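Presented below, as structure tokens, is a lone chain in the form predicted on its own.
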């Protein structure tokens, strides 16, 4: 029970990061390899706000999320939209965007190392015991999980109960058909990319409340988010949440029962199994 609960608490932040990437790839068609750098940047900003100005990380989300939204919209408009306009088909756009965001990854990582150095950082926030089902957990992990659930619930409401959310889902399914029903596909894609960045930043800010971080760890979280997105099915919100849950529990099991150094190996093991036996994702349908 302890492993399952710990894995579920960890999966909350994983789900937010994966939802960010699934919006960027599923709607905007941009496989953003710099996604993890957004997470790390949010960790540093939350750290800076808390240690420098005593701003609660949960309150800090009100600053971090809009800032990440605006910055990601700017990145899309300046660096990625020209690739979208130039691409003759989806395959060319995916290759171009992978190469472009691969460079973006190193640019952002270098800037953060320059600004914050390479050492690990952490801060103490709600480092108290919280008893649940007869076991003790960190209160910061519980609060981060509940905040992640609240944000994911808000995203679900937006996607399935609002007109703008319906437009995002329409573009994800078929951009050409969406254009025929007066949806501004270019603007919707930019919005999805920015919203994905904001979700990832929220995941990073929440993760920083109980996780030690440094400027070089973004690529690990990009790979984890990519694995979750593929496991859950590209563009599938339900699948991303369930895959994050599976990954969180699997990592916790391996770290607790076998060896903490093998968590990444377990992650990639799951990834290979999904590619071999269910490449369309948990809820996806095999192509006919």
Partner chain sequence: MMGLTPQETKNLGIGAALIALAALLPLFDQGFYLSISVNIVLYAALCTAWALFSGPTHYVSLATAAFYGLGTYSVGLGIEVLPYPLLLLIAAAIGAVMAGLVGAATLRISGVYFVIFTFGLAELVRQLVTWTQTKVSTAMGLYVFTEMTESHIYWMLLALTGAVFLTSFLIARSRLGFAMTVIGNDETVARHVGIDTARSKIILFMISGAFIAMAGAITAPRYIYIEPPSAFNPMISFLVVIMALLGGTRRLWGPLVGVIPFTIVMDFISSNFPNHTMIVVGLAFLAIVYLIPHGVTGLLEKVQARWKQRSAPAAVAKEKPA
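In this text, all values refer to a predicted model and were calculated from it rather than measured experimentally. Residue numbers count along the first chain shown, from 1.
The following text describes the form predicted together with the partner chain, which does not appear among the structures shown.
Asks: Which single stretch, out of 176-184, 158-166, 107-115, 194-202, brings residue heavy atoms within 4.5 Å of the partner chain in the predicted bound form?
Replies: Of the options, only 107-115 has residues within 4.5 Å of the partner.
Asks: Only one of 226, 65, 245, 45 has a non-hydrogen atom within 4.5 angstroms of the partner chain in the predicted bound form; which is it?
Replies: Selected option: 226.
Asks: Within a 4.5 Å heavy atom cut-off, is residue 85 in contact with the partner chain in the predicted bound form?
Replies: Contact with the partner chain, no.
Asks: Does at least one non-hydrogen atom of residue 33 fall within 4.5 angstroms of the partner chain in the predicted bound form?
Replies: Heavy-atom contact with the partner chain at 4.5 Å: present for residue 33.
Asks: Find out whether any non-hydrogen atom of residue 262 is located within 4.5 angstroms of the partner chain in the predicted bound form, and reply yes or no.
Replies: Contact with the partner chain, yes.
Asks: Taking 4.5 angstroms as the cut-off for heavy atoms, does residue 170 touch the partner chain in the predicted bound form?
Replies: Outside the cut-off, so no.
Asks: Run the contact test on 80, 102 and 271 with a 4.5 Å heavy atom cut-off to the partner chain in the predicted bound form and return yes or no.
Replies: Yes, all three are in contact.
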